[in-house]
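Quick heads-up: it's one chain on its own, the form predicted alone, in structure tokens.
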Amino acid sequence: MTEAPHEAAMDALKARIAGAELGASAQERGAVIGLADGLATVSGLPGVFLDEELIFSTGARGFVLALEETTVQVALIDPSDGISAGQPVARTGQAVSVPVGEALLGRVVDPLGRPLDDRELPETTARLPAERLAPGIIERDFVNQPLETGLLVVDALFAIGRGQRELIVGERQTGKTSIAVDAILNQRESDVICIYVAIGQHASAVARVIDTVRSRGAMERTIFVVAEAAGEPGLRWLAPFSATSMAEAYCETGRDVLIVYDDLTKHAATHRELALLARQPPGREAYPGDIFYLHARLLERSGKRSAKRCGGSITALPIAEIDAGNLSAYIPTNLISISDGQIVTSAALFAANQRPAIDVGLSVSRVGGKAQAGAMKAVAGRVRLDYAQYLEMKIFSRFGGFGDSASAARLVRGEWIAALLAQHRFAPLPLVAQVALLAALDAGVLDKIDPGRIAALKGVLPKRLGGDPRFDGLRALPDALDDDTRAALLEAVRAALEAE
């Protein structure tokens, strides 16, 4: 009776010995020879490759940022506590990767997929490298399907298509993030998955964005990737690349993704910080020579995939900050040349309480009408030109009135357009309401009302249009706006004005 357990233990031991792999094993190890602010210099790893994940003796991890003749520069993605010169560093043979999949939806994670929302680790086994090659030109398709932001000024004047890269640029505190968050909120009832990447933002600002998205019911379709300002610079550097890999996992199953990078000027500053610590030659404004390539290879991963590949798309809204309205600064000009257009926010318009504070003269979409719904295109034709003329005339009207009636009428029409384009934060308008408002402007229905009533009209009109079956076709994005639908829209606007 007492020998049975002993025999079982012996049998188990023999089985382990029989299954053991005999022979020599080799592991390539290096040593830390320097450490400075999140960047370690390591020697003795001749076979290492870029982006490979390394493990320090403390258990901390890093990835290879730069290769030199006898050393490598390693950006830390874990705290550097306990790391010192002479400690061993081991290769993993694997590029730094991130978890991907459905389990990430509705979660707040760091660039490595680790939870930041006090919940369990996302239950997913699928992983992708953080850095991947962008699809070639043969694997891409035309951008011709609109991505509605819910902002009338954007959807009407600077239409964004699924697969487009539209830069949002402006001075601090001019509503750049609000524009991107409005676009995320407008996808609540669409099939678009959203990813918001916070790069070096204050924790309080990120918390406000998360609370806004959660309170308005868009959390279940959104992933938040957060690299805090107080975190390791390697995490901030990695954040946009990791988030893009998460987006590619959905895109490669034929789905559409919207990704917001907030913001890439802070990402560029992180790259400059690491480059200077690695003693790379500084260039303009102390940025290294590869700063353009850094963001080019990131944003080129966005786009519309061809039907033969997967048919999905990644729409990118990178955000950039400028000082004193200087659009010709180094990083903003780089991003403008890479992207497919820019939305420029104006401090003067923001101070004048025109929200969103978008400068119509400087903003542009290089896809434009090709990705705009036919119904919207039919009613938005002259709005941008009329509004730009109004802004120019408004400046000169301060020195005295215009004598001719045509100029006075143009100023009055401009006031209606300004009131129509003004929109409260986090209150996106559905497409059918946008088309109805512009059709009413075009037909003169709004000419005899006070511009101050337009804000109230925007609150009443979507509810009136939402339950009307006559506009189901309009919500399906028709190629043209027929006369019967236009008349029905005008009738709905008149009824909403009477009921207001």
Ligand code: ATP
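One rule holds for the numbers: they count along the sequence shown, beginning at 1. Keep in mind that this is a model prediction, so the values were computed, not measured.
From this point on, the text means the form predicted in complex with adenosine-5'-triphosphate, which you will not see here.
Of the candidate stretches 424 to 432, 330 to 338, 405 to 413, 81 to 89, only 424 to 432 contains residues with a heavy atom within 4.5 Å of adenosine-5'-triphosphate in the predicted bound form.
With the partner omitted here, the residue from R188, R355, H271, R309 that has a non-hydrogen atom within 4.5 angstroms of adenosine-5'-triphosphate in the predicted bound form is R355. Interface residue among T212, S178, S97, Q389 relative to adenosine-5'-triphosphate in the predicted bound form, by the heavy atom within 4.5 Å criterion: S178.
F292 falls outside the set of residues with a heavy atom inside 4.5 Å of adenosine-5'-triphosphate in the predicted bound form.
Proximity of F241 to adenosine-5'-triphosphate in the predicted bound form falls outside the 4.5 Å heavy atom cutoff. Not displayed here, adenosine-5'-triphosphate is approached by F350 to within 4.5 Å at the level of heavy atoms in the predicted bound form. Mapping the unseen interface onto this chain, T174 counts among the residues with a heavy atom inside 4.5 Å of adenosine-5'-triphosphate in the predicted bound form. Contacts of stretch 311 to 347 with adenosine-5'-triphosphate in the predicted bound form, defined by any heavy atom lying within 4.5 Å, are made by E321 alone.
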